[in-house]
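Below you'll find only one chain, the form predicted alone, shown as structure tokens.
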């Protein structure tokens, strides 16, 4: 991935993180930790991979994206707003009863949202169904989904994994946000799903493990998935929960909590500094 593309993706991810923090602060509720950890992969996908058009969000031939861990909706709303599906001003209405940006994604009311989610485990089944539907219809669109590592506790995840391999859904690519934390603590303590890679391999998937904050690794993994035929792909991303906000990083307490004014100002200051570093970098030279 060349320097110019990396810089553009990093700039977009930095803006997404500021949007996430603003949403949760404005609502005084939400899930910042796991939203911040997927900002980089969403920036990459929407910038360089997904065939979507904000002017035609319901195009039947578009690629689909399913946020299976729907509680991290602030990340999805942020990237959709950044890409022009709706005004960024709407983000401050997050979780307001009069807003179309509710606490979990709603495909009926949110432009660019391909699947309603929130009950963990359901999103991957929906994504698998979309991928199978594409094959039955002779369509070439691809389906991408993001699951949480804590979400792997759900049995339906593994039913969908078996289904996807059985039907050879090579048009399906799933990202597992492996930040190591879920609402009650470390995943290895609550319900140990490791080794995640070996489990998906046993189900017949093409498996890759990467640094989920490294754009070169994300790019290489997605290209590998695009080239893989006859089986679905899973990209297991090692990430940092709360990435980019120092006092949120690797802290389970920020799974579902909102910052106060002082914390919000500190977090935004850190994120703006990170954005300034990206803008001043020589990645594109």
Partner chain sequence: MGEKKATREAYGEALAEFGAVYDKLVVLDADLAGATKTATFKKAFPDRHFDCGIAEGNMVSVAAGLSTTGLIPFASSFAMFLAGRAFEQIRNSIGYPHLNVKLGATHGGITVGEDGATHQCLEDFSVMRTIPGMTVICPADATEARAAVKAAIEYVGPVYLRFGRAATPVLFDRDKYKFELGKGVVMADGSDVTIVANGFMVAIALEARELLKNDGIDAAVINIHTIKPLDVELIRGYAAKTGAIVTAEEHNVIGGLGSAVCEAVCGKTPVPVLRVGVQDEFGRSGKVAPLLEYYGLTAANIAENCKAAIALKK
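Positions refer to the first chain, counted from 1. Here the structure is a predicted model, which means the values were calculated and not measured.
The following text describes the form predicted in complex with its partner chain, which does not appear among the structures shown.
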So which stretch, 187-195, 79-87, 107-115, 211-219, is the one near its partner chain in the predicted bound form (non-hydrogen atoms, 4.5 Å)?
-> 107-115
Exercise: residue 156 in contact with its partner chain in the predicted bound form, heavy atom 4.5 Å = yes
Using the partner position in the predicted bound form, report whether residue 181 sits within 4.5 Å of its partner chain, counting heavy atoms only.
-> no
4.5 Å heavy atom contact, residue 96 to its partner chain in the predicted bound form = no
Taking heavy atoms and a 4.5 Å cut-off, does residue 204 contact its partner chain in the predicted bound form?
-> no
Give a yes or no on whether each residue among 119, 125 and 132 has a heavy atom within 4.5 Å of its partner chain in the predicted bound form.
-> yes
Could you tell me which one of 75, 160, 147, 172 places a heavy atom within 4.5 Å of its partner chain in the predicted bound form?
-> 160
Stretch 180-211: residues contacting its partner chain in the predicted bound form, 4.5 Å heavy atom cut-off | none
